[in-house]
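Quick heads-up: it's one chain on its own, the form predicted alone, in structure tokens.
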């Protein structure tokens, strides 16, 4: 059997046709497909504004910029996430502060966020780990009252809901990712979703070198060729080719979401009572949806985890570990003084976690093979 990855894109003829049609058009970048994709995202996610970027990391960089974070400020995030969640703040010169995870949701422990807030805290960046939406409703008003900007890293959580609320409802900005292993793909890509016009305008500038041609925003000229660089921005533009793929993919998003939850149910039904594996189940009501970007399995300890990881890979199942805690990365150790023991729940989770295959294109035969391997282990 060929290798079965922990995650993989699903591309069909409609996606290919959408890309080919754009390749034959007048615009390959900065054209109508970008605007169309952003409008589609707004409708799907229930927000006013969307700004698409070349990748999710660039989108997060833009969000930290729009939030006005700078050298000397602090931002709070979880240690169980990919480097990009914190890197955006580091790019702006701010310092990271971590808050340990909740042992049940694997998300940042929202009950402890206020314990690590200081007068330097300007941003909180919760992450909906694996697609399980973080409960921002409980903390958003208090954070907003303190003047703190909430950037929801929802890279894993397109389509997720908590108590009837979507990923943009209790934050100032939300980031979604379109990497091939995510819910929909543009190859590489990401977007910031927001209901705040000020952030929206800042994000658009930041994506395009800080340049505007808007006559109402020009200071020194009004000629038809004239433009001004208003901010120090970057070239983080996404192409029409990518956005054509994204628009086609977004039409299938609900189908993808349903299939991911079906797979999660199968895993839980097989291993929910297992003594070897701790697995999770999806929500059983329409008001809350785990979008299951990942399906994390916890082993009893680090030694068992290593054995399981090697066993699965030796049998062509390309499992992965998500994530090595950020505070244990050499960069964070040497530059900010973090080390082992600082966040024990995150470190315990990391020592036991393996992500098993979770993607809509997995066949029933492949899924049965994964399950049988796990039973043999």
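Numbering follows the first chain given and starts at 1. What you see is a predicted model; the values in this text were computed from it and never measured.
Here the subject shifts to the form predicted together with a small molecule, a form of this protein not shown in this document.
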Answer among 273-281, 138-146, 234-242, 151-159 for heavy atoms within 4.5 Å of the small molecule in the predicted bound form: the stretch 151-159
- Message: Counting heavy atoms only and using a 4.5 Å cut-off, do 57, 182 and 189 all touch the small molecule in the predicted bound form?
- Response: yes
- Message: Please tell me whether any heavy atom belonging to residue 101 falls inside 4.5 Å of a heavy atom of the small molecule, as the geometry stands in the predicted bound form.
- Response: no
**Message:** Is it the case that residue 132, even though its partner is missing from this view, gets within 4.5 Å of the small molecule in the predicted bound form, heavy atoms only?
**Reply:** no
**Message:** Check residue 167 for me: does it contact the small molecule in the predicted bound form (non-hydrogen atoms, 4.5 angstroms)?
**Reply:** no
**Prompt:** Is the gap between residue 343 and the small molecule in the predicted bound form 4.5 Å or less for some heavy atom pair?
**Reply:** no
Answer key: of 171, 203, 127, 193, within 4.5 Å of the small molecule in the predicted bound form (heavy atoms) is 127
In this chain shown alone, the residue from 90, 218, 117, 84 with a heavy atom within 4.5 Å of the small molecule in the predicted bound form is 84
